[in-house]
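Take a look at this one chain, the form predicted alone, written out in structure tokens.
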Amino acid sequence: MAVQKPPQPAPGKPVPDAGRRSERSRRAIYDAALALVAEVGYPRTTVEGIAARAGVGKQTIYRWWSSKADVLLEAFLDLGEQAARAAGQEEYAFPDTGDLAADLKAVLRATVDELRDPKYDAPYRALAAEGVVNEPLGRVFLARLLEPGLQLYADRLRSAQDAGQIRADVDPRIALELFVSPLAQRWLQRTGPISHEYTDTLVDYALYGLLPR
């Protein structure tokens, strides 16, 4: 049997750009996944639902991702990358101006702004809550989303140690929890409002202590 040549585009007709088409599909899948998890929660979000909302076949999703968790995490990480590009950054970097308190306050204020943005709040809250009861998702959530940010805090605190701004015997991984954990708990459990004033106070209490000076 003779080998058939693939059909050629008519003269003057543009050749379809498969890469662009794939990127459009990927973007539609990201948007659909984030919207669904915000509307119905993680347990009721399905690959089928994401595919239907994005206007793609289910097989398209499984060609790129192995599970809905992978889709959601990648979609959420993409939100951060888009924000970094909009700010003119290739990737997020922790500021190091030489003023540790000012740097911590700046980062925590930006975190508050993000957590109060519905675009981030709903999917982040759904993933964080599900990660508590879904151990495999929790491990991936920690490794891909939380750990890189925590490492930036730890690196900044080590830089402050090198500069003699905090005690040499401080464990950065414990110290960062003085800022990060109270904010995360208040946001996730809604035990109180989150604001710039709140996170500024966390930094002041952590760096300068509670004892009279």
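Quick note: we count residues from 1 along the sequence shown, nothing fancier. Note that the structure is a prediction, hence the values are computed from the model and not measured.
Same protein, other form: the form predicted in complex with a further copy of the same chain, not shown, and the subject of what follows.
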Would residue 171 show up as a contact with a further copy of the same chain in the predicted complex if we use heavy atoms at 4.5 Å? yes
Answer for residue 53 alone: is it within 4.5 Å of a further copy of the same chain in the predicted complex, judged on heavy atom distances? no
Is there a heavy atom of residue 26 no more than 4.5 Å from a heavy atom of a further copy of the same chain in the predicted complex? no
With the cut-off set at 4.5 Å between non-hydrogen atoms, does residue 182 touch a further copy of the same chain in the predicted complex? yes
Spot the stretch among 28-36, 45-53, 142-150, 58-66 with residues whose non-hydrogen atoms come within 4.5 Å of a further copy of the same chain in the predicted complex. 142-150
Complete contact of 83, 98 and 118 with a further copy of the same chain in the predicted complex (any heavy atom, 4.5 Å): no
Counting only heavy atoms, which residues in 148-168 are within 4.5 Å of a further copy of the same chain in the predicted complex? 150, 164, 165, 166, 167
